[in-house]
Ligand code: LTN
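Below you will find one chain, with nothing else, as structure tokens; this is the form predicted alone, and questions on how it binds or moves follow later.
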């Protein structure tokens, strides 16, 4: 089987209302990327449940994000658009990656520290292991490139580390080492309410 050379995986969380940051930082770029790459665009609802979500609201928000993908110009006939939880292999591969990743790697994730704050003892294990699920999202499709904002670069580095360790441990070249695609504008859209925080 030939490995892909230009394949994208990216996703948007359905955990709140869609905002300018989602559009400028992600969805607008997806429309451009579909012209040059084989694309997998995912509504990452499993990532959303690292904090409590009302199931009905989450289902509604998941449909909204999917509709926004299509309304923004992503062609569902040319791209793979799907909901993360509908593909159980994401969670299955994440478990294998939990066994490959090292605690020290995850302890260095600054986004976990930012989100957990002083309550790190009371947050979900899912929030801590979020980056291994992100690695599974990317590597399950053998993605070669991942559009990332400034706040996700560290998670992509972890994905690269997991891919390299898996390949080394099992003497394979199964997983590509994905490259980041960082766009010049709107890589981190800040909240209009608090300019020191990312828009969420």
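Positions refer to the first chain, counted from 1. Note that this is a predicted model, so its numbers are computed, not measured.
The protein also exists as the form predicted in complex with the named molecule; that form is not presented, and the subsequent description refers to it.
A residue is said to contact a partner when one of its heavy atoms sits within 4.5 Å of a partner heavy atom; residue 65 fails this definition for the named molecule in the predicted complex, lying far away. The closest heavy atom approach of residue 144 to the named molecule in the predicted complex falls outside 4.5 Å. Looking at residue 44, you'd find a heavy atom of it within 4.5 angstroms of the named molecule in the predicted complex.
Taking non-hydrogen atoms only, residue 134 approaches the named molecule to within 4.5 angstroms in the predicted complex. From the list 31 to 39, 164 to 172, 50 to 58, 144 to 152, the contact stretch for the named molecule in the predicted complex under a 4.5 Å heavy atom rule is 144 to 152. Residues in 161 to 182 all lack a heavy atom within 4.5 Å of the named molecule in the predicted complex.
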